[in-house]
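The form predicted on its own is given below as one chain in structure tokens.
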Amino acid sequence: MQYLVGARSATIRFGDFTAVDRVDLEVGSGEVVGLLGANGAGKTTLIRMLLGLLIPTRGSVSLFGGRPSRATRRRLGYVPQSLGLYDDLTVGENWAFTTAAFGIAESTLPESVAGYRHELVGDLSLGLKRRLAFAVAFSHDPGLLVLDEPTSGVGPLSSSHLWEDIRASAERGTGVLVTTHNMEEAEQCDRLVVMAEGRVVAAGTLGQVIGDRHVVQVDCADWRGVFAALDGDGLIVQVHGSRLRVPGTPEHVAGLLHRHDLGGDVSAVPANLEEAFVDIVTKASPR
């Protein structure tokens, strides 16, 4: 496969601090690759290297088969966390500037933002700003989309619409690299790359990243009391209706419940992506 963007042992240091450490990553045509990691994991720094905005200290990056350059960047659509819009210009002016920069002779504002043509971008809601940022990124029919937390701060409906656009682009052959903290969104990706402390600590399909990890499920009548007890013992507790899910083994959790004079049916169940992510990142981080 000819990868649209790739990194080979990409490393970048700022003084004595290693922000990205020997990362391998690639995105091919028509696939959506999710880049996951806690704040400070190195995701945005890696993206800036892939775009040629930062030069690797060691290793290499490629964009459309060559070194990142102005020419190769013209073939991608990029939505940074800051959205990359001009707040003191109107929606129409932002659109006109972008299309002119990409050499698009004739272009019409998409229906999703056309009604706000004369509004200053700085006066728009965050959801509308993100909608415009997506429209700008899609304006020149890019071969690759790079989206850094594209749905952060927007509601479920707006998020759903943005992901419909992402999947539709992939179906047309566009490659997509997207960072997200939302595990439900991450499950829509074809492949996942998990970063921690600047390193890739897991990669693969959803099933490969989760692997054979299990968590303990507790079915109980007094879930609030059980939650308080397990939380007080330092376990990460998730509530699913009247059921609780915690890391560990059934024997360990049953022992904790017995110590607190609490009852409940305890069993091992397959982990979900969020639980697997917490386990992977926790084990990868220095103690």
Partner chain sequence: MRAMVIKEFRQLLRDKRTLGLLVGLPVILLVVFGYAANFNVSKIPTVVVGPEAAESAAQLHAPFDVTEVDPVGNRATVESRLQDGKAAVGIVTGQNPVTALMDGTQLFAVQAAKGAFARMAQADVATGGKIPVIAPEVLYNPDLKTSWIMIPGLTGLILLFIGTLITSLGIVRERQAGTIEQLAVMPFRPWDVIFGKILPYLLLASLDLIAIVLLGMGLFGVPFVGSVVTFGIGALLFLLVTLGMGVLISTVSQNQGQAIQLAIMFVVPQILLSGLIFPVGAMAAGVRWIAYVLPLTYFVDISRGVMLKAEPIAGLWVPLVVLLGMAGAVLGLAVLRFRRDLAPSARHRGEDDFEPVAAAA
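Numbering follows the first chain given and starts at 1. A quick note: this is a predicted structure, and the numbers were derived from the prediction, not measured.
Another form, the form predicted in complex with the partner chain, is not on view; read the next lines as being about it.
Here the marked residues G122, S160 and N182 all miss the partner chain in the predicted complex; none has a heavy atom within 4.5 angstroms.
Within this chain, V154 is remote from the site of the partner chain in the predicted complex, having no heavy atom within 4.5 Å. Residue contact check for P247: none of its heavy atoms lie within 4.5 Å of the partner chain in the predicted complex. When contacts are judged by a 4.5 Å heavy atom cut-off, G173 does not count as touching the partner chain in the predicted complex. In the predicted complex, the partner chain sits within 4.5 Å of a heavy atom belonging to A101. In plain terms, the part of the chain that comes close to the partner chain in the predicted complex, with a heavy atom within 4.5 Å, is 49 to 57 out of 229 to 237, 49 to 57, 35 to 43, 215 to 223. Scanning C189, V200, L147, L76 against the partner chain in the predicted complex with a 4.5 Å heavy atom cut-off leaves one residue, L76. Shown without its partner, the chain has P80, S82, L83, G84, L85, Y86, D88, F97, T98, A101, F102 in segment 80 to 116 as residues with a non-hydrogen atom within 4.5 angstroms of the partner chain in the predicted complex.
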